[in-house]
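Shown next as structure tokens: one chain only, the form predicted alone.
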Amino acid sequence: MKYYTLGRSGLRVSRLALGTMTFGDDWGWGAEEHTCRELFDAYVEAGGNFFDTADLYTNGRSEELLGKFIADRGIRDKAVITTKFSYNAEPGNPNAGGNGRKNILRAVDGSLRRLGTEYIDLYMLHTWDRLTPPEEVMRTMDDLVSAGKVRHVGLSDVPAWYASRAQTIAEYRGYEPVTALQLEYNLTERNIENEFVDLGTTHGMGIMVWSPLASGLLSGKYRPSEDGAAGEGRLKTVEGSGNPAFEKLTKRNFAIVAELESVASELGRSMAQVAVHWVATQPGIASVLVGATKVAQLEDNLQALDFEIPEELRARLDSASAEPLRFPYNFFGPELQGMLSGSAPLGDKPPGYTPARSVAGEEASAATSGTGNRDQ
């Protein structure tokens, strides 16, 4: 296992993180405790140190099991724990969810109790609530760092403008900065390439990818059928729930699955390994969450960085999964950009040319893109 410093921080994390949404069977598609322990042990023994959970996952059971397993192995100092707040587990209580100060302070104490720890390494806003200003969120998160309950802070599932605003506030007011962005990214969902990758590499926020297998679709467990799709797993269990994260069984996505299957066959690798490798080696990606309900699935995923995808095969995956650029991003391609420079050729800067950004900024960009400043 190799390790990167996350974002512009000094926190060293493994390139593959263990997602624990499947820890506990409260939701009907998770795993029993003995299986979860086997998954945890397999990840730790492979050298992994980065664990992701949330107060919502399996109604809090995920945090409880993760904390128990870490304590039993005596690796709290080695483990990097990420957990998240935002979702409401108390119907009828509007302040038991969302991103306001009252809920953040309530949620962090609950997570600390369930995890059985005195501090959280990376505490993240789970989803934008469209209400709470970033000023309130960042001030509260900074207070948690000052109180010693949290070491680093991050944002998940927010608009790019909101993340940018939050980081600007932190820099201007001297708050703890945003270290990480946790976002969905896979061959069926590539929208973060439009803004988030440049945002993260420019402003020191490492991107943690969730759902690299598109909730199991890219593992090959589902096939198109007359009824839409055949297969057993999370996507079928929650089909029609209205959750956009699980609306994957489409004609376009099955075309991507077919190309992925072909590429994986040529490489002699599993579809899951190729899908995870593609994500992990894209620009701006700091770490990729891998999760499973079976040990064999996790062990397969953990081999995703043991090979390379040749450029011609990567190009096939890129082409199959590409979507047309929409406004305003279609204005940023070479054709219209050439109109800005009068079509004059713009070459690379010569050695020694002073860049517009500071040296520190360039180093941070390299770290968040996964191309430099790595610790092995």
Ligand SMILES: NC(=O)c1ccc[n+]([C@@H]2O[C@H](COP(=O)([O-])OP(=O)(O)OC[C@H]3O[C@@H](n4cnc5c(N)ncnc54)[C@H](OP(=O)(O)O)[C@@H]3O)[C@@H](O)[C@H]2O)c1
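Fair warning: this is a prediction, and the values are worked out from it, not measured in the lab. The numbering used is simple: start at 1 and walk along the sequence shown.
What comes next is about the form predicted together with this ligand, which is not displayed.
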Problem set entry | Contact stretch among 136-144, 90-98, 153-161, 257-265 - heavy atom within 4.5 Å of this ligand in the predicted bound form | 153-161
For this session: Could you tell me if all three of Ser86, Leu112 and Gly116 have a heavy atom no more than 4.5 Å from this ligand in the predicted bound form?
Result: no
Problem set entry | 4.5 Å heavy atom contact, Lys294 to this ligand in the predicted bound form | yes
Exercise. Would Thr22 count as a contact of this ligand in the predicted bound form, using a 4.5 angstroms cut-off between non-hydrogen atoms?
Worked result: yes
For this session: Give a yes or no for Ser219: in the predicted bound form, does one of its heavy atoms lie within 4.5 Å of a heavy atom belonging to this ligand?
Result: yes
Exercise. Is there a heavy atom of Pro212 no more than 4.5 Å from a heavy atom of this ligand in the predicted bound form?
Worked result: yes
Seminar exercise, completed: The one option of Leu199, Ile81, Leu187, Leu289 with any heavy atom within 4.5 Å of this ligand in the predicted bound form is Leu289
For this session: Select from the listed residues Val108, Ala170, Ala272, Ile285 the one whose heavy atoms reach within 4.5 Å of this ligand in the predicted bound form.
Result: Ala272
Problem set entry | Any residue of 126-150 that, in the predicted bound form, places a heavy atom within 4.5 Å of this ligand | His126
